[in-house]
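The chain below stands alone and is given in structure tokens; this is the form predicted alone.
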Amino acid sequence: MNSYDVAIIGSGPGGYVAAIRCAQLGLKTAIIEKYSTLGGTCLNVGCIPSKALLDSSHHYEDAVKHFEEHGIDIPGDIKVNLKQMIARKQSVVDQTTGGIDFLMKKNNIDVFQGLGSFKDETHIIISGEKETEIEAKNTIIATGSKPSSLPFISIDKERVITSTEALKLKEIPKHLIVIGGGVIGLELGQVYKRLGAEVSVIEYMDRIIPTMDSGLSKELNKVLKKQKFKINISHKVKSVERKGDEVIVKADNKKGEEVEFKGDYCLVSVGRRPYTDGLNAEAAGVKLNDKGQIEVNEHLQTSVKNIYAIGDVIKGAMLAHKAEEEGVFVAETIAGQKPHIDYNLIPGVVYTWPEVAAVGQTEEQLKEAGIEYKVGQFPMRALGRSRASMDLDGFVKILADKTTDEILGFHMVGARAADLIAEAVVAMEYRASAEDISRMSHAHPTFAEAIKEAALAATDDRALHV
């Protein structure tokens, strides 16, 4: 029987990064993956393929709507080749997952293909083409999550679909009904809206992207409506029925009146649930809570001291980069180091266009905590770079402590916000004040100038370009 210092169950961003860091620290490491490719949801049916389709659909939309204004004339009709678009997406996935294979070999990590389940707290049975048993001094559970649904919805994976199926449709929907106005629903909704589908979003809460600052929700809602999305907030879905090639969704609106939506596809994107199926956690004594999450302490140890859990399978935001941070944290903890994670400084991003990104506290959270703060906000349309690229929507908003000027939250909507948020994380990691950023040079013309201007606005209201 093979024996390891660390075994990792699940090869998503949390699992494979944990494996690499364990190997770097000199620990004999194994990783177990039940699917035929490494990378988990993120690389196979999540972050990477969705961004590939977002990018392709963005190119198409630019060609149809903006090339002429840029002085680019294309003779004949511009058409979508959805089959090629999906094929390109798959090639990106294949290259990326293949890269993880390379990293496992490079770091001398043993890869086992099959379902990993606990026999006891130090032994794992791997059920693949053949059954294998390994011994591990420490185990990291990184089994991730699966799409959630509602009890009355029957997902047939043909017309009533999850994000997994939405990434490989064989036709562009005529009318895509999206249940859930969060990150996944809006991103995939925008892919198909750009390609010509009518898109109706049905959200239970009183705003889209409800976990983010309300200012971001309001701005994105305005932008998506301009893009001809049909946004229906404060709607409680109560039935989803398929009749042939038609899907009928019934919901109660804010007034309690029944409304009906008819489309040819319905994307159910109401969040994700922790995935522990087949893990046999109870055999090792690992406890789950009433939400199906694995319970962990501040060291990410489960109820069994040599078994840890990271990523979507534990509490907190379901983000690939959060799982990566936790993977490194646990690897270093096992190696005897004393790492640290500041969950307040893990950014969140929505990859619509314009992009939405945030880190730190929202205005709602600061009000609830009774913290006095000041706001500095700057519109993207005031930037020369924005006018040059025709990306005028959005803003950068900085929340700073009213007394100390320390930055407490960064919230932005705009072109390349997903990349710009890194400056915010660095600033907050070093506990910068708004004035600190206002005195730093930012290259001109760039989208990043909006960050400096917002910092100036938060510092005695002295933005230069408004």
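Only a predicted model underlies this, so the values are computations on that prediction, with no experimental measurement involved. The first residue of the shown sequence is 1; numbering continues from there.
The same protein also has a form predicted together with a small molecule, omitted here; what follows describes it.
Report task. Go through L345, M318, V92, V375 and name the one with a heavy atom inside 4.5 Å of the small molecule in the predicted bound form. Result -> Looking at L345, M318, V92, V375 one by one, just M318 meets the 4.5 Å heavy-atom criterion.
Query - Of L169, I179, I208, L279, the one that lies within 4.5 Å of the small molecule in the predicted bound form (heavy atoms) - result: Contact with the small molecule in the predicted bound form is made by L279 alone.
Query - Contact stretch among 63-71, 425-433, 405-413, 49-57 - heavy atom within 4.5 Å of the small molecule in the predicted bound form - result: Answer to the contact question: 49-57.
**Report entry** Contact test, all of P173, G189 and Y192, partner the small molecule in the predicted bound form, heavy atom 4.5 Å
**Finding:** Zero of three within 4.5 Å in the predicted bound form.
Report task. Report whether the minimum heavy atom distance between L82 and the small molecule in the predicted bound form is within 4.5 Å. Result -> L82: no contact with the small molecule in the predicted bound form.
**Report entry** Contact flag, I32 vs the small molecule in the predicted bound form, heavy atom cut 4.5 Å
**Finding:** I32: yes, in contact with the small molecule in the predicted bound form.
Report task. Classify Y351 as contacting or not contacting the small molecule in the predicted bound form by the rule of any non-hydrogen atom within 4.5 angstroms, answering yes or no. Result -> Residue-level check for Y351: yes, a contact with the small molecule.
Report task. Answer yes if any heavy atom of A458 is within 4.5 Å of a heavy atom of the small molecule in the predicted bound form; otherwise answer no. Result -> Outside the cut-off, so no.
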